[in-house]
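To begin, one chain is listed below as structure tokens, in the form predicted alone.
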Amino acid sequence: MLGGTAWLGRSVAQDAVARGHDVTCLARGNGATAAGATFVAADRDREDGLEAVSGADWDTVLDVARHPGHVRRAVRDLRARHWVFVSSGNAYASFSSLEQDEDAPVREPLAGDVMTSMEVYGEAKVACEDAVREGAATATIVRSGLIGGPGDWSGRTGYWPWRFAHPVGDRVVVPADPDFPCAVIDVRDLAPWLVSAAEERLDGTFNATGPTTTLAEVLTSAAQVAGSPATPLEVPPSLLAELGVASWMGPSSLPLWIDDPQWRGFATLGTARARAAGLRVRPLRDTLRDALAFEEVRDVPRAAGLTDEEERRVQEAVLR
């Protein structure tokens, strides 16, 4: 594994070890490695960053990189029978339609080796995909949707159940867009499927996310798992914008929602190909419940949602 110390990578390593595989994780070492995995410290920014693992014949290399240069060097320097590369739904060129399949147009690949900002994240992932396809004998390319569940550092899947569990008064500020399409894949479902893809040497490109639902259904499930009597306070997108509330993620935001018709299908993906290849996902309610448990003990700030002060300010603006 190139990585293996962050959320998804560590989950993959844990599952692979549990199945009896010998797992080596090469990373800078900024996080904990799965118990039972071998850790190799290295800097992939260096031209010789993979030297410590380049002399072996690997059954599979699994990579989650976003910098094309990292992937190009990996494909060049490592010998493997199969590759698994975790890409992103951000690779697609348009998000105006729902549940687009793997044959939909993608963005132009990033020309350089380094992703300089999240503004070119999709282009960087496309370039990484191309490098794997060009250099690997067989490869599983997985365009993942939003990953959620326990350990969600961003708080996108944990915010709504947490906010219902800790309302300001008896209301919870939500966008007045109940039909907005949502989809989430639990890290505990994606990680095992990636290991299975490695075992079976699945060759091809696959979308991976959960079934499409609505924001209203997410909010209902969030309230249920929180055991909350609070009710949604729907706020028009125009007023949210006026009050400085953003969408999707980031400071002062309401996650899992985007106020732009051209991005209405962003969270959804057509997953028939992956489901035919064995992808199974748990009910959204289970993901939200366990994301809430993580939120209650997390020791770093979430990167999405409203603070209590922001929640109160929006409620007062609506109800005055």
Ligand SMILES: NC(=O)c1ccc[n+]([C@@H]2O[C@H](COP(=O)([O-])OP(=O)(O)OC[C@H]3O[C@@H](n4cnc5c(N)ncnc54)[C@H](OP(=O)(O)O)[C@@H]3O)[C@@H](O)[C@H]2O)c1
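Source: prediction; values computed, not measured. Heads up: residue numbers just count along the shown sequence, starting at 1.
Note that the form predicted in complex with the ligand isn't included here; everything after this is about it.
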Testing 35-43, 286-294, 267-275, 253-261 against the ligand in the model of the complex with a 4.5 Å heavy atom criterion leaves exactly one stretch, namely 35-43
Given the ligand in the model of the complex, answer whether the residues 61, 78 and 132 all have a heavy atom inside 4.5 Å of it. no
Of 139, 86, 197, 240, which residue is found within 4.5 angstroms of the ligand in the model of the complex when only non-hydrogen atoms are counted? 86
Just one of 147, 202, 182, 191 has a heavy atom within 4.5 Å of the ligand in the model of the complex. Which one? 147
Using 4.5 Å between non-hydrogen atoms, is residue 156 touching the ligand in the model of the complex? yes
I'd like to check something about residue 282: if you look in the model of the complex, is any of its heavy atoms closer than or equal to 4.5 Å to a heavy atom of the ligand? no
Applying a 4.5 Å heavy atom distance criterion, does residue 27 contact the ligand in the model of the complex? yes
Any non-hydrogen atom of residue 6 within 4.5 angstroms of the ligand in the model of the complex: yes
Residues from 103-134 in contact with the ligand (non-hydrogen atom within 4.5 Å) in the model of the complex: 121, 125
